[in-house]
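Here's a solo chain for you in structure tokens, the form predicted on its own.
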């Protein structure tokens, strides 16, 4: 009996270890600093990846981050190439028709980046200008709605910033932390560019982690982990690491 009880305990421990080792694959477009990007060693880093890894640790699963181009990221989710998308995805009513979202993990506005000498301080000043953003993002949706502008889309936000830096655009719109990073922190672009202003939407814009419709198991784990790191202070520590640098 003693030997059998020992075997049962070992089996339970083993099963528990397997549960903790469950892998959840997250697609990330690592071209959006400081939210998601590649470091010098080609590792995926940033605010979002740190949040995902903390969620995994808190909820008892192993997150696997897969660098994925933005233009096919949602199609890949629908095709089952990964379990979730954690790539600064704004929660919108349109997207909620085809995917489910975690609880929000970040509130964002749209930042407008211009050349330092540009006399652009409001949306009205963009009339007659050429502006750009990354395709399929809320920044691009905002750009297309501004009257009197020529809106261009780019595969990556960095390509748009490069054209702005070289004088081929009048402004670039991106999530405010990304806009700030390029305009204020980037060693090259910050010399010529500035964050001119931010555009607040009529309703608050939040980022969430997307999963396929009905994937309740993965969604539950993500929400459990997110709740825990918000409660234990780890979320605040990660936020301070990326957005409150001294």
Partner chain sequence: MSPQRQSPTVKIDIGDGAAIPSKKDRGLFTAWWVAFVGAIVILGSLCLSYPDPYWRILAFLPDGIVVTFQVTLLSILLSLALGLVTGLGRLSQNRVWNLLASTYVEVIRGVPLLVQLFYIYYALGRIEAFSNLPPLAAAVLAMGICYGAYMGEVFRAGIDSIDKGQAEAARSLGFNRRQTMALVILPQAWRTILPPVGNEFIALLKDSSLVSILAVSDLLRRGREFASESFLYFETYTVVALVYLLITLVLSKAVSHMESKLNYYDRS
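Residue numbers count along the first chain shown, from 1. Keep in mind it's a predicted model, so treat the numbers as computed, not measured.
Below, we turn to the form predicted together with the partner chain, even though it does not appear here.
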Listed residue that, although the partner chain is not shown, lies within 4.5 Å of it in the predicted complex (heavy atoms), from 155, 103, 125, 100: 155
Touches the partner chain in the predicted complex: residue 140 (any heavy atom, 4.5 Å): yes
Although the partner chain is absent from this view, report whether residue 166 comes within 4.5 Å of it in the predicted complex, heavy atoms only. yes
Residue 189 versus the partner chain, in the predicted complex: is there a non-hydrogen atom within 4.5 Å? yes
So in the predicted complex, does residue 118 come within 4.5 Å of the partner chain, heavy atom to heavy atom? no
Per-stretch contact check against the partner chain in the predicted complex, the hit in 108-116, 128-136, 170-178, 80-88 (non-hydrogen atom, 4.5 angstroms): 128-136
Can you tell me which residues in 29-54 come within 4.5 angstroms of the partner chain in the predicted complex, by heavy atoms? none
